[in-house]
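Shown below, as structure tokens, is a lone chain in the form predicted on its own; questions about how it binds or moves come after it.
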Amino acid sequence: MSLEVKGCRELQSEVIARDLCTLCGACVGMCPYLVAYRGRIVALDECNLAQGRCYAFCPRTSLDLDLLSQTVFGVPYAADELGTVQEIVIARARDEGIRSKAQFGGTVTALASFALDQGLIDSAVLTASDEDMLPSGTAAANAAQILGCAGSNFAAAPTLAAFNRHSAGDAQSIGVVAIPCQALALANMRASPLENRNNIDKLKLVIGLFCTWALRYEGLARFLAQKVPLNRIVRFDIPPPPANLFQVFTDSTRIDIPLDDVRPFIRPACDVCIDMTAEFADISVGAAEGVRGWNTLIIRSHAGRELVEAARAKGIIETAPLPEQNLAHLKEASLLKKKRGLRKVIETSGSEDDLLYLKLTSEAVKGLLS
């Protein structure tokens, strides 16, 4: 990998100042200069290092997708709708207690807990929220802590800051539950010549989450606080079309908000994203539209397949074939995300030859846009 010798100054000018920051947290927890604060990455002081892991690991600096795919999967980047795929099914946790707390089928919680129980990982880095619904990364060491992180927040979270801190400690085998940009950052860490300074060898499992966009915390929090005290909110949901709703649940009621009312809080970085299904995870999980209480599960790597097959065999999860119409719709939605992202990239740069942070062949770009 040819390394661009750039550091914190370039990260701020090329990414943060241009609203390309995803708030993944990959640049936080490694040095005293950068911190995550209430939905933003903040520089506490000027760093004059010419070369920095903060720049090298960021998923919005320079992404060579072929290199990342070769590093993670051993094959070139599949410039198609869904990326590297071994199998796609629908799945759900067999434990009704997990399903009752989970967003959909509880597959992520069940698989993360199973991986911990089987010793495949000794801890899991996930996203949790405080009483004001501010999300951040946390390291879970048991099934109860993993279950406590179940559900979706929809606000961007610097989850990988927790991985950076936790991997510097005694943990030896870590799993991470990541949205697409976070999975890309972890792949960047694996591929970077600077990776041996970030304990990335301790990363043993990445469970990816489908994601269309993430929201800016500050704007969303102010908006929601006008409707309900933040400390009363227990979870969120976005039901499938044609509902067009953002649902907020307290312990006693549900508030339906038109989805268009929260769209202004979408992070600008999401507009240039081309990954809806966490293509660089070992397995990817999302809702199974029209199949209530089930998840769509994409197996991408050998490690992902081993985990899913073992969990099936021990009755931790159950799976069934993905209906053909669901697969067609999933491919269509993911491809539309890629088209929108690429068009926004080209619109922002002003040239099809300048893809901002992406490294894709012209053939791949034309294929995706055609």
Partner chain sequence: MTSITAYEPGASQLLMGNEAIARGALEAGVGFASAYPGTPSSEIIGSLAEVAGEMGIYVEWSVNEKVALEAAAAASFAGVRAIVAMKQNGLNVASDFLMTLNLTGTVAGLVLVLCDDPAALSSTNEQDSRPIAKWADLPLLEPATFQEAKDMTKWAFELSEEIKNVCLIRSVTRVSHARGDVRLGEPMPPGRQARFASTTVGQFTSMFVPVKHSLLHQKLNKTREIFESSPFNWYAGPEKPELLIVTCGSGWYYSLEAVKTLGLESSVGILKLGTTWPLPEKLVQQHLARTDKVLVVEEVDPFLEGNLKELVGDTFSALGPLTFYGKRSGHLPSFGELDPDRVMGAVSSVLGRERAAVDPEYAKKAQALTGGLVQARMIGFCAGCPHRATLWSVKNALKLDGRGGFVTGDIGCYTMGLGPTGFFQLKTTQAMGSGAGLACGFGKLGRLGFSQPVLAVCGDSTFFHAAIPALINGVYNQSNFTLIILDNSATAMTGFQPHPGTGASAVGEPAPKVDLEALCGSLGIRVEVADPFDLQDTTPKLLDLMQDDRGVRVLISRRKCALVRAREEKAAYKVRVDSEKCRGESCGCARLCTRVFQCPGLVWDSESQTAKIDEVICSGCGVCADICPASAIIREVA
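Keep in mind that what you see is a predicted model, and the values were worked out from it rather than measured. Positions refer to the first chain, counted from 1.
Omitted from view is the form predicted in complex with its partner chain, to which the following refers.
**Prompt:** Of the listed stretches (65-73, 313-321, 26-34, 331-339), which one has a non-hydrogen atom within 4.5 Å of its partner chain in the model of the complex?
**Reply:** Selected stretch: 26-34.
**Message:** Since only the chain is shown here, I'm wondering whether G52 would be in contact with its partner chain in the model of the complex (any heavy atom pair within 4.5 Å).
**Reply:** Within the cut-off, so yes.
**Asked** Any chance L327 has a heavy atom within 4.5 Å of its partner chain in the model of the complex?
**Response** Taking the distances in the model of the complex, the answer for L327 is no, it never comes within 4.5 Å of its partner chain.
**Request:** Answer for A43 alone: is it within 4.5 Å of its partner chain in the model of the complex, judged on heavy atom distances?
**Result:** So A43 counts as contacting its partner chain.
**Request:** Answer yes if any heavy atom of C47 is within 4.5 Å of a heavy atom of its partner chain in the model of the complex; otherwise answer no.
**Result:** Yes, contact at 4.5 Å.
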